[in-house]
Every structure is written in C-alpha cells, then in structure tokens.
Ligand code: CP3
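The chain below stands alone and is given as structure tokens, in the form predicted alone.
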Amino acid sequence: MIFIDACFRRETPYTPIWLMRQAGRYLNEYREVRSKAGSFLDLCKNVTLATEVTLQPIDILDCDAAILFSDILVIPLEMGMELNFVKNEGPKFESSIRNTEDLSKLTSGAHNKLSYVYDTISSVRTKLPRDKALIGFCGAPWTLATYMIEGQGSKTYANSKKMLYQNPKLLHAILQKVSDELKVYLKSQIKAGANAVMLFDSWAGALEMSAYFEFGFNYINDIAKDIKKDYPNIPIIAFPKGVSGYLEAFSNIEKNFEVFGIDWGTNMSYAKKILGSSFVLQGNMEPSRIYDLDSMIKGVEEIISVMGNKAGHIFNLGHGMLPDLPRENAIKLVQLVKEKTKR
C-alpha cells in the first residue's frame, strides 16, 4: 500500500494523498446517505451506511487511504455520557465531569461497547481495494477531556484550564481513564482491519507548551508506545493542531509514532526543518484554497516546492474539508498531487 509505505518513509511512485473529513457534506452522495440514517450518531452506528460513506472518497476522489467514518466522542458516549448533536451548535453532553464524583460515574470498558466501529472497519476492509489503506482513529485524551469537562465545544476552555491549574490531580485522573480506554479501542480497530491509526488533538493549541506536554502530548506518546508493543508494524499518526510554536520541543521527545500532522497555520518549510528528519510529515494545505481552482493549484505547488517528490511526505489538508467546498476541485486536487509528485 502506497500510504503505508509512505508512513515508513519508503520510496513510493508519487506522494500519497488523503483528506481529513474527506467523507462529508461537500459530497451529494454523503448527504443522501446521511438523510437515510436519521441522526449523525445513527449513521456512525449503522455499519452498512458508515461503510458506504467511508468508501465514497475512494470511489469519487481516488484517495490513497480511507479513514473510518465515526466520531471522536463515541468513547465518552460509551463511558456513560449522554451525547446529542444539536443543529448549528455541534455536540453537547447532558452532563459534564467537574469533580471526583462525576468521574466515578464513568464506566470502564467503553471499548467493549463499540462493536459497531469494529464491524464497520471489517466491512470497509473487505470492500476496499487491496492497494488502499484504511485509517482508524480516535480523539486524543486532552481533546476528549475538554469536551467532557466543558460539556460541549469551547472557545476558552475555562473549566478545563481551571481544573488544570487548581486541581491537576483530577485532570490527570480523567486523562488516564480516557487513555486506558483509547489504548484498547485503537488496538481493537487494528485487530478489526485498520492499517494505520491516527490521534486527533484538535485543541492542543489551547495550552501553553509546558501544560500541553504534561496534560496532552505525554498521553498521546504513552498510547502510541502501548500500541507499538503489540503492533510494531502499524504506523501511528499524531495530529496536535495549533502547536507551531512548540515544534522544536517535539523534535527532542521519545518517538513512538511515525507521522506528524501539520496544520495549515504552521509554515511547512519550518516544520520540515525542525521535524522532517524525525517524522514523516502530513499536510498541510489550507482547506479554503479548494474554493478557488487557481488558489488551490498555487497551494499544491507551494507545498510540493518545499517537500519535493521524495519520501517523507503525505499530502493532506491542514484541517478538515469544509461542507460547501466544490467537489470538482477536490477531485482535481487528488489528480494534481499525483501528477506533480510522480517519481
């Protein structure tokens, strides 16, 4: 598989490409399936429909990897937190975790209740062409903890940060409980047929550097280390968003994963200089460039001028696809990258 080879810095015939949120509302086919499913969570739990939308970007865009269609919040959901997706507002939990008593109400063994995820992976893998990889994923502990503490998405993370500085012991307890679930969850995804796994730390940039490494990245590295004990040949991707100011610190850590996701706010030349010898880099075109064909082409050319057509790079966006991006440009993007990076 070209994507897996690229994760391990092996030579490939071109730079592989996949897109974060490549299964989504910019595709008519996705919207049709979504309307059939009922709610978003119903779609995540419907193996047949989740399989269909996972495969759509492979069939339509010809990406080199499919990523499991699911949601990062299924872990706290199955730990006992009631979750709703509110139109125009996003995910909301009925209650939040603010003290030790709240934490004690969370159940262990959430990974045992996620058979719909594992069944979707197995279903996709049987239908996916053999040369295409399947990426499993989860939210990183810090990002999941913020949702669990705030009860929803946040711009200030006030309750999470208050806990971090006033009661760090409690926050570490939450993070450890989540991490223990994620270790088994990701290994179960691999067992079901995932060829690689990715940890999304969407709110990494909410913390100053010392706090992020203690309460964020150390947990990612611990999860990756645990996975590598059982699955040394499965590549792991970490995507800590918004940490461009901390890149030098990442170059000095114990490395338990192969691929480092670069967000669009990070200069790719700088990322290559600091991290390029330590990790395969994934990224990092600004998704909004896809609105305009010329801007998109320029974005592709700028990244390729930095990364070249050599091993060490996986082309992706610097964050996820937006709901109203033109599909014809997304199709063109995949074609362009393959043509311009052909060895």
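Predicted model only: the values in this text are computed from it and were never measured. Throughout, we count residues from 1 along the sequence that is shown.
Just so it is clear, the following notes concern the form predicted in complex with this ligand, a form of the same protein that is not shown.
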*asked:* Which residue, Glu248, Asp71, Asp180, Asp119, is the contact with this ligand in the predicted complex, using a 4.5 Å heavy atom cutoff?
replied: Asp71
*asked:* Only one of Pro235, Gly205, Pro91, Pro76 gets a heavy atom within 4.5 Å of this ligand in the predicted complex. Which one?
replied: Pro91
*Only one of 23 to 31, 293 to 301, 271 to 279, 306 to 314 gets a heavy atom within 4.5 Å of this ligand in the predicted complex; which is it?*
23 to 31
*With the cut-off set at 4.5 Å between non-hydrogen atoms, does Tyr212 touch this ligand in the predicted complex?*
no
*Verify the contact flag for Ile67: yes if a non-hydrogen atom of it lies within 4.5 Å of a non-hydrogen atom of this ligand in the predicted complex, no if not.*
yes
*asked:* If we define contact as a non-hydrogen atom of the residue within 4.5 angstroms of the partner, is Tyr157 a contact of this ligand in the predicted complex?
replied: no
*Evaluate Phe85 for contact with this ligand in the predicted complex, applying a 4.5 angstroms cut-off between non-hydrogen atoms, and reply yes or no.*
yes
*Which residues within 316 to 335 place at least one heavy atom within 4.5 Å of this ligand in the predicted complex?*
His319
